[in-house]
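Okay, here we've got a single chain as structure tokens, the form predicted on its own, with questions on binding and movement later.
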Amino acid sequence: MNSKVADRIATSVFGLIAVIIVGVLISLFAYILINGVSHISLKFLTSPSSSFREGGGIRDQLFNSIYILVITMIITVPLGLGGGIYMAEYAKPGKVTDAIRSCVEVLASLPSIVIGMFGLLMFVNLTGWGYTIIGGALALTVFNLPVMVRVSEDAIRNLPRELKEASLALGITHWHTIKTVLLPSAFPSILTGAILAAGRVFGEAAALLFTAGLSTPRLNYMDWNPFSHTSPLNVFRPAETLAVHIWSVNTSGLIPDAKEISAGASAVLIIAVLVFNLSARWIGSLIHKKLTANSK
């Protein structure tokens, strides 16, 4: 087989694979949105859920999902970015660095249910907090930290060496080079890693079952004191997220309209993930232009 025929076959195969992936993704989104969008209404988004009566909403679950996402990313991004900078710029090649990298890879491959059991032991039983938002956020941090570390490390390592060498040749210190040259240039890749981690937080249920709980106390959205038991900002309260609510309604829900609630909540979850991803990329693009003075 000559090289031109082989090239055309390879192009066709990879093109077909891309079409299959896009087709599966579009089919999945279309199925969820077609079945769920008709059940979404203002009342559905702003009403509390009900355990027995039909007509319940997802107000608290939607808020809990976004709140746990914000807290998780506040913890995950600085730690993951710091770990990535250390592995890319400060860690010396050797057995210790290889061992750290192996630990990160093993941690990334752990099933979420195992992370949930670890969180149950550490953040629920050992601390005595019970089921809490902060416990769920810490478990999800353990879950997402390897992704952020590897993405940050790869983003910095893949930059052209000339960038770093030119900065150091001007007498700029190593840390200042990282802060003002490497990180702004690597920002798009790091942002992609943060978006991937955020998407996992939105859709995660197994780890949160054992750490954040399956219920939400009655909340007063006019109470913004984070130490109040009825405040939505209290991080030491149980919090059922949207993904956990979908699982709970489908497996043990007693409400008559469980199917409609599940379909509507699934559509809201997909829309929330899409809106978050697009917004994060748009804001990230603005920040990248500002950091690199790139007007394109």
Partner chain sequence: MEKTVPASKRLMKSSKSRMNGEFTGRLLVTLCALIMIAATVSITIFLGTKGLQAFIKNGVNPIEFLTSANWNPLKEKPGYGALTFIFGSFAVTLLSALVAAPLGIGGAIFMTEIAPSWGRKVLQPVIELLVGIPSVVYGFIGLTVLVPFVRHHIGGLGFGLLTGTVVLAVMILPTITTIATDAMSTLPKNLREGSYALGATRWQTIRKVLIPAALPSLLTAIVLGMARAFGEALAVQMVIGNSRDLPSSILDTAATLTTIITLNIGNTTYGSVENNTLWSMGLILLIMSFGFILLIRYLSSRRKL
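Residue numbers count along the first chain shown, from 1. The term rigid core refers to the maximal set of C-alpha atoms that superpose within 1.5 Å between the two forms. Everything numeric in this text was worked out from a predicted model, so none of it was measured.
Quick note: we don't show the form predicted in complex with its partner chain, though the next part is all about it.
Across the proposed site, 69, 215 and 235 without exception lack any heavy atom within 4.5 Å of its partner chain in the predicted bound form.
In terms of contact with its partner chain in the predicted bound form, the residue from 125, 158, 225, 220 that brings a heavy atom within 4.5 Å is 125.
Checked against its partner chain in the predicted bound form, the residues 134, 85, 182, 151 give one hit for a heavy atom within 4.5 Å, which is 85. Interface membership of residue 146, defined by any non-hydrogen atom within 4.5 Å of its partner chain in the predicted bound form, is confirmed. By the criterion of a heavy atom within 4.5 Å, residue 188 is excluded from the residues contacting its partner chain in the predicted bound form. Heavy atoms of residue 195 never reach within 4.5 Å of its partner chain in the predicted bound form, leaving it off the interface.
Contact annotation: residue 61 falls outside 4.5 Å of its partner chain in the predicted bound form, judged by heavy atom distances. Along 6-25, these residues reach a heavy atom to within 4.5 Å of its partner chain in the predicted bound form: 6, 7, 10, 11, 14, 15, 17, 18, 20, 21, 22, 24, 25.
In the core-superposed comparison between this form and the one not shown, residue 29 has its Cα shifted by at least 2 Å.
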